[in-house]
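In C-alpha cells, the next block holds one chain alone, the form predicted alone.
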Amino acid sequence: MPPHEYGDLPVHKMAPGEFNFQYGPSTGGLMESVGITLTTPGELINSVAVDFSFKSRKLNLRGKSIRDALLTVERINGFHAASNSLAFLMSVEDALGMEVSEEVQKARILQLELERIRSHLEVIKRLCEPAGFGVPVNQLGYLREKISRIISRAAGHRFFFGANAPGYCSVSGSGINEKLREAGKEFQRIYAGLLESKIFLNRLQNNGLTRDNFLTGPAARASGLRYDSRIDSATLPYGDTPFYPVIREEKDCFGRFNVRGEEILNSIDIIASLGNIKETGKPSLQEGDGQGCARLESPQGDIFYYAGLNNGLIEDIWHVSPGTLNIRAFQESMKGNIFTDFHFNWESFGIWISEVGVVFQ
C-alpha cells in the first residue's frame, strides 16, 4: 500500500519554499524499516507520509491446515504473537461453531494482559530514548526482560509460540502473581519518576495532538474516546475481572504515555483476579467448513481476523491491523510540529510496521 492510501486522506501539495526530507527506511531511532517523508519549509512540518512498503510481506496461508497457518500467524510480530494467534484461532472457532471453555477464555486473557504489559513497557522505554534518559531506558529494558521471563514460565515460550490451538491453551498462571506484583512495584517507582521530570513531560505535552476520531487503542483512549474491544466485544469475559478502560483527555504524547502506564498496573490486577490458571482443553485437528471472525484488544488497539474454511483448510483469510489507523493518526498529528518532536510522537503511537505490511494470500 503506497503512502496516503487511506481513503479520504489528502496528499499534501508542496508550496513554494517547501522541500521533502526523507527519513528512513533504515536509520537511527527507527526500530523497523519504514520510510517517512516530512514536507517542511525548514523547521515546521506541514505534511508527513509514512511508507511501510519496505517491510511488506505476502504470506501464503490458503490451502494450509489450521495448525500450519497458526505457525505463520503467531510469528507475524513476536511482541504481539498472542494477539495475532488468538484472534486468528477465535475466528476459526467461530467458523467451526466451537464452544470454548471458561478456563481457556481466562487463559487467553492471561496471555493478552501479559503481552500488553510487555508491549507497553517497550513503548515507554522507547519514549525515554530520544530524551537521552539512559537510566530509565535500562531500567525499563530490564523490567521488560523480567516480564518476558514470566511469560516464558507461564507459556513455555517468551513469545507464546506453540501455546495455543483451537479450544486449547497450555498457559499456566501458577507462581507468577508474586513476581508480577514485584514488577509492578518496580514500574510504579520508574513511572513516578518520569511523571516528576519536567524535562521529559515538556517533550510529551502538546506534542502530536490528535484531532479526529479514526483512532484505536491507547491513542483513542488518550483522546477521551471509550474505544476498547474489551468493553464492546463479548469474545472474552473481561466483565468478570477488575478491568476498567483508562481514559484521558490530553490527546497528545503525554496522554498516550499516561494511558499505557496506567494500563500496565490494571493488567497486573486483571491477571491476579484470574486465579490459578492451568493447561486446559485438548488440542485436536479440526475439520469442517464455515466462515468466522473475531476481534481483540491488542496492545496497539483493535485487531480483527476473518477466516473461511473448507474441509478444515484455510480457504480465505484476512486481517486488519490497528497500526493502519495509528499510522494515519500519526501523520495527521505531526502537522505543525518540528522535527525534534518527531521521535516522541512516533513512539507514542506504538506502531509495529511488521503487522501493517502483512497481506495474506
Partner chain sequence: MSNFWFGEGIRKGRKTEKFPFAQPDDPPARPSGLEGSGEPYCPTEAIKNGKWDQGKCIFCRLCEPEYQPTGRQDIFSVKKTEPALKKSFYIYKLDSGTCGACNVELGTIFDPQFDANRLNIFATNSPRHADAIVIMGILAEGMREALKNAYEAMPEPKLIIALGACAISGGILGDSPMVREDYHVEIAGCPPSPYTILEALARARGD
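Computed from a predicted structure; not experimentally measured. Numbering follows the first chain given and starts at 1.
Same protein, other form: the form predicted in complex with its partner chain, not shown, and the subject of what follows.
- For the options K278, R75, R248, R181, the one in contact with its partner chain in the model of the complex, meaning a heavy atom within 4.5 Å, is R75.
- Contact with its partner chain in the model of the complex, defined as a heavy atom within 4.5 Å, holds for exactly one of G224, G290, P237, G193, namely G193.
- With the partner left out here, its partner chain still marks one of 63-71, 301-309, 329-337, 316-324 in the model of the complex; by a 4.5 Å heavy atom cut-off that stretch is 63-71.
- Although the partner is absent from the chain shown here, none of F88, R211 and V259 has a heavy atom within 4.5 Å of its partner chain in the model of the complex.
- In the model of the complex, at least one heavy atom of Y142 sits within 4.5 Å of a heavy atom of its partner chain.
- By the criterion of a heavy atom within 4.5 Å, F254 is excluded from the residues contacting its partner chain in the model of the complex.
- Under a 4.5 angstroms non-hydrogen atom cutoff, its partner chain in the model of the complex has P136 among its neighbouring residues.
- Interface residue remark: S101 is not counted as part of the site for its partner chain in the model of the complex, having no heavy atom within 4.5 Å.
- Contacts between 83-119 and its partner chain, taken as any heavy atom within 4.5 Å in the model of the complex, involve no residue at all.
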